[in-house]
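One chain follows as structure tokens, the form predicted alone.
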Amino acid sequence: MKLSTKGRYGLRAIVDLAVNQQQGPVSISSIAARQSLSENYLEQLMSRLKKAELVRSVRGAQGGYVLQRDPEKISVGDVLRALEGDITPVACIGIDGMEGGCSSAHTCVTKYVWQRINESVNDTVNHIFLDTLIHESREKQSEKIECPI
């Protein structure tokens, strides 16, 4: 499975938002600057995250974006699905118990492999939450500060 820039950049952006929202709403321009992303592209990503009810916008001079739920309740899977849509690594209709798809769906033994990969990917992204990534981000920042090089 290969994620597009929507998934990769969007995940970076929402983690940045989660890390920096203690002082209030986080502006698109500040996220874009820290993450070296285009503000226009970031607006598109935030629009998708807002539609999925993962973030909300705050208007005004001190406006920006905040998480709509607590970070421990937003999984990486929630974010990726909001940005990418379906994250099934193989387009095989038969892997989720539905019949149909290719003419070999009833006898296909490789379907087992695709099903296991799909389950593993979904299990992984569904069990990593933003609070874990916030913690990881803060640890990386403290390592950077402590490192004299």
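Note that residue numbering begins at 1 and tracks the sequence as displayed. This is a predicted model, so every value here is computed, not measured.
Just so it is clear, the following notes concern the form predicted in complex with a further copy of the same chain, a form of the same protein that is not shown.
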{"query": "Region of this chain that lies against a further copy of the same chain in the predicted bound form, out of 83-91, 39-47, 24-32, 53-61 [heavy atom, 4.5 Å]", "finding": "83-91"}
{"query": "Residue 120, heavy atom within 4.5 angstroms of a further copy of the same chain in the predicted bound form", "finding": "yes"}
{"query": "a further copy of the same chain contact in the predicted bound form: residue 124, any heavy atom under 4.5 Å", "finding": "yes"}
{"query": "In the predicted bound form, residue 110 touching a further copy of the same chain (heavy atom, 4.5 Å)", "finding": "yes"}
{"query": "4.5 angstroms heavy atom contact with a further copy of the same chain in the predicted bound form for residue 116", "finding": "yes"}
{"query": "Heavy atom contacts to a further copy of the same chain in the predicted bound form at 4.5 Å, residues of 25-44 in sequence order", "finding": "none"}
